[in-house]
Every structure is written in C-alpha cells, then in structure tokens.
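Just one chain is shown here, as structure tokens, and it is the form predicted alone.
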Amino acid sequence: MSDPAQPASPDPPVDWAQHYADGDTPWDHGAEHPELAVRLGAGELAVPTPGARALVPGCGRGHDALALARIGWVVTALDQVPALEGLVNSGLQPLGGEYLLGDALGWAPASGEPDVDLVFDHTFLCAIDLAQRPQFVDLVLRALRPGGQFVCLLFPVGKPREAGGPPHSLDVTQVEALFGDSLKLLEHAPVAHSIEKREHGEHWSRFVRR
C-alpha cells in the first residue's frame, strides 16, 4: 500500500506563463493579501534596519512584494513568468527592489550580498510539487539569516491531501515537519482578513530562523 503522506507520482508540469497569458490566475485577486495589508498597517513586519532585505519567491504580479517594499523593505521578488518581469520591476525598482526571472527554488544570494531578513510566502509553497518541498526548505535556509523571519500565509488549510493540487494541502504541522529544528514558531492563527471565495482555510504563521 502506498504512503498517503506522499504523492503517488510528481504533478504534471504546470505552464504558469500560459496561465497568465490566458488570464487564468485564480490565486491573484489584484492586491496584496488583506491579512498582510492589515498587519503592515498595524506596524507588523517593520523593517529592522535600513536596507534590510526581503525575499518573495513565486511572487506572481508582485502585490505582496510591493506591499513590503512600500514600507521600506528592499525586496527581491522571484518568478519564472517572463511577461511579469517588466510589470513587477516597474513597481519594485523605484523602491530599491527587483524582480528576478528564473527558477525561484534555485536562487541564492550573490557573492557579497547580505542574507535576507525576511522570507515571505503566499501561494508558492502550496503550488509546487510535493517532491519539491525540500528544495523550498533549502531556499529559505540558504537565504535567511539566523534571527530572520519566515512568514507564510498558509493555504489551503484543511484541503484533503489526497485531493492533490496545485494548490496542495498546507498547514503549520507540515511546515514544522519540513523545517525541523531550523525554525522556531513564533505565531500561528487563522487569518482575520481572508480572501473571499477561497474554498479552504488560510492561516498566518510566523517563524524565526534559529
């Protein structure tokens, strides 16, 4: 009998660029996540020092990345869709950030660059193949300095694992199992300001790199 905690086989490749070309982007609601907007407005995730860096893998049209950049983070946004490069950079570059085109899971700070102080995830970890989740862990640990924060808007919480994806089931216990002792959970709760029409739950989880 197969292990129900593991995918029977890798997901078929997803052509994300085609999704954007077709306007088939149900994960994009045209603005930063409302929970992120409210928390930033309340002073959470404030920039710890001038020039502190944030990483947003799988940024899509960059709504969350731009929200972080507007409060002072120097944001590196990652995605593999060429059509988004100019759009996201038009917003990020005037604020000191940049969109980098390519495989987000393969990104690493350039030689001489400081590690990042914040990694923010929203609909990237849940979108990649389950077999790629260890690569996501490697990305975060490669990028994030000790004492830096990993913040994840977990979705779709409560979706049966056997239902597949993307988006694949994601909850805090899965994240803790992936990272082990590398991260310490600081905060976890259902979001108070969710995206309408999302079928499954959304939680806010904030960790610190040990």
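Counting begins at 1, following the sequence as shown. It should be emphasised that the depicted structure is a prediction, and the values quoted were computed from it without experimental measurement.
Omitted here: the form predicted together with a small molecule. The next part is about that form.
Handout entry: The unique member of P94, G102, P114, G86 whose heavy atoms fall within 4.5 Å of the small molecule in the predicted bound form
Key = Contact residue from the list: G102.
Problem - The single option of V74, V119, A127, V137 touching the small molecule in the predicted bound form, heavy atom within 4.5 Å - result: Contact with the small molecule in the predicted bound form is made by A127 alone.
Practice task
Name the stretch: of 44-52, 60-68, 142-150, 175-183, exactly one has residues whose heavy atoms fall within 4.5 Å of the small molecule in the predicted bound form.
Solution key: Going through the listed ranges, the match is 60-68.
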